[in-house]
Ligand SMILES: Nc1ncnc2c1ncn2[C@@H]1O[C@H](COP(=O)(O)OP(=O)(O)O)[C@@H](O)[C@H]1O
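Here's a solo chain for you in structure tokens, the form predicted on its own.
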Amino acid sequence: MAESAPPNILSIRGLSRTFRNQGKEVRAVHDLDLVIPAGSFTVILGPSGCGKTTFLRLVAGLETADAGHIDFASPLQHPSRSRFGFMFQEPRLLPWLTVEENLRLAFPTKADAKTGEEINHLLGLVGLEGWKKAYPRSLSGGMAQRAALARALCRKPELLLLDEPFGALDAFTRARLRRDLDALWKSLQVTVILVTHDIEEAVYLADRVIRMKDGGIEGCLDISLPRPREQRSGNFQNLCRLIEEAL
């Protein structure tokens, strides 16, 4: 008997958002339809200005759509989980608070002894053991993004939204964090939507790559390569070239 498809965690229909810029209307997202299966890793790929970040902010409720519907159907129904965790392009850690204190602010309930245990666990997951008393100024760029990822996980989200989280990092740090994120996604079984303009990042991480252009979806490609993925393999490079040509 064939395995049944996973339930959808998110259904989007006719999503549109228009901004005014110097007196002109700019359609950032228009008439966008998309379904996100539970437990999947979806990457939204496209050049700067194509509407990727606006789309992600609409899903998170940080922007209000002009038209369309975003329906969130929780397949887990777990009372300790919130719907969303959001990670921005920059860490946005409060500089006057330690790493631990930054994370404590993200918890949905009043901090207690158990909160400290959960913070230690999260910092262990992202490779920041021993850094909870550190201030953001003492962290490297990669470490700060790890702390931001841990903060996004504090509410045990069902859907993790990542807005180009590694774009400002050097190539070595970016590659390492990709590997860590891939392993973390598999262990936590969380649904992820990641926005990027990096083709190799998309192929390395995604179950499915959604190509955006001018505020709409131009195409999609399922990625079925085994994990962890070898970026030097012929299949990996062929997929990168295929997407590059499509863009």
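Residue numbers here begin at 1 and follow the sequence given. Here the structure is a predicted model, which is why all the values come from computation and not from measurement.
What comes next is about the form predicted together with this ligand, which is not displayed.
Residue contact with this ligand in the predicted bound form: T42 places no heavy atom within 4.5 Å of it. Not displayed here, this ligand is approached by T54 to within 4.5 Å at the level of heavy atoms in the predicted bound form. In the predicted bound form, at least one heavy atom of G49 sits within 4.5 Å of a heavy atom of this ligand. Using a 4.5 angstroms threshold between heavy atoms, S224 stays clear of this ligand in the predicted bound form. Just one listed stretch, out of 178 to 186, 216 to 224, 64 to 72, 24 to 32, contacts this ligand in the predicted bound form at the 4.5 Å heavy atom level, and that stretch is 24 to 32.
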